[in-house]
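One chain comes next, on its own, written as structure tokens: the form predicted on its own.
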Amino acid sequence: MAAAPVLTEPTLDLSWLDLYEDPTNATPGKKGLTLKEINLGRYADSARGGGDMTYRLRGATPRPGAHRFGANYQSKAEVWSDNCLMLYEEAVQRQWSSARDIPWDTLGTLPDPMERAMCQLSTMLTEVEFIAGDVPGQFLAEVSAQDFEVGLFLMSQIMDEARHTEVFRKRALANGGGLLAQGQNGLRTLIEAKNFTEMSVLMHVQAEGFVQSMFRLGEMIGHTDADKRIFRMSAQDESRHLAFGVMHLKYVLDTEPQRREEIHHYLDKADGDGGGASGDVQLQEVFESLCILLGGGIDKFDEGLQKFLVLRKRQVNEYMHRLEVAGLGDRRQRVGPLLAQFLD
């Protein structure tokens, strides 16, 4: 008969109890215990150390032998934006539902050209917003855990864009129209972006900026309460994405000024095809649908055309203003001719 195994008392290693001598107490603020309140001491972004290609979050003690998980952005400047903490909290607090928060019962019956024009615009925006969620998702796994707030913000943006894709598809199918002609002439530069900053400058600052200018004119484009609400709610989300991109670009230019010409090169490519997502308004169907909606019908196309030119001018000048805020004001002298004609 085999001898019974000898039981030994397990050896405990409680060294983790004494990792830190100074305790950390985060105190809730007026809006609760937000990321701002826990951004303190050794856990603050200002105390960020070098990345180590593991999932170690900022402030945690490294574990010897921890597995790497592949290439990621080790430099803070490659992804950081000083407002990402606030923008994530705002995104969490201002989520809305396309099923419940849009007054779909107010659509009513629109003249067929108006309905078809809105459906054509919605078709284009469904595709644009799908890509706007897909593209940052491709970079999410590359963000270091040292900059986890950026990752949280990108997750909130993907959720925003999913809701926009959903709401514009619903609009196209809700009132007798349907999905019409496919768009996307000017979004290839987003899909082909090779690094985070290239993606952010082209998507957040340029492409989404042009879309945001359109959303903010939703009161003119939309002819029902439902349409106006769709544009209004989407615009509040888009503002966060723009704010992130502008401040990321500013951080890059402040901390790595040698990248200025590199960023100009990214914009040279996008401006050359009509301005990123704004290139979609060069498509005949989208251009005509906007003119019909802005004018109020086919018989008012000329009036709509004049309003479209105002929209285009506003898009381009707001784009220039965002670049100036970020520290790239010299872009005004390099912008492509398709956009330069609309500059003040």
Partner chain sequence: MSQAPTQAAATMDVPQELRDRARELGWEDSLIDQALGKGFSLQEVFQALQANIDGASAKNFLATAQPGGASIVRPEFKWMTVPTEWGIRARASDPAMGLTLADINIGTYGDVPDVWHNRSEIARGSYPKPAMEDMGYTIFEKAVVWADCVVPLYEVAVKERWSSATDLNWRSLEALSSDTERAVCQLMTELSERSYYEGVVLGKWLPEISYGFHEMKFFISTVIFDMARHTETFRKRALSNGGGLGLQAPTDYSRVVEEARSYPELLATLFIQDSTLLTLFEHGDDLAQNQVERDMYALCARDRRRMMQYQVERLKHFLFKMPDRREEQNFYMGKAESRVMKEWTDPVVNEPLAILLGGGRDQTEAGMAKLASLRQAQARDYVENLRKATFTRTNLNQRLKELVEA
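Positions refer to the first chain, counted from 1. Computed from a predicted model, the values in this text were never measured in an experiment.
The same protein also has a form predicted in complex with the partner chain, omitted here; what follows describes it.
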* To do: Counting only non-hydrogen atoms, choose the one of 95 to 103, 248 to 256, 207 to 215, 262 to 270 that falls within 4.5 Å of the partner chain in the predicted complex.
  => 95 to 103
* To do: Give a yes or no for Arg116: in the predicted complex, does one of its heavy atoms lie within 4.5 Å of a heavy atom belonging to the partner chain?
  => yes
* To do: Flag Gly50 as yes or no: does it have a non-hydrogen atom within 4.5 angstroms of any non-hydrogen atom of the partner chain in the predicted complex?
  => no
* **Distance check, Trp80 to the partner chain in the predicted complex, heavy atom within 4.5 Å** => no
* To do: With heavy atoms only and a cut-off of 4.5 Å, decide whether Ile292 touches the partner chain in the predicted complex.
  => yes
* Which listed residue (Leu187, Ile221, Leu202, Cys84) meets the criterion of a heavy atom within 4.5 Å of the partner chain in the predicted complex? -> Leu187
* Though the partner is not shown here, which residues of 322 to 344 have a heavy atom within 4.5 Å of the partner chain in the predicted complex? -> Pro337, Leu338, Gln341, Phe342
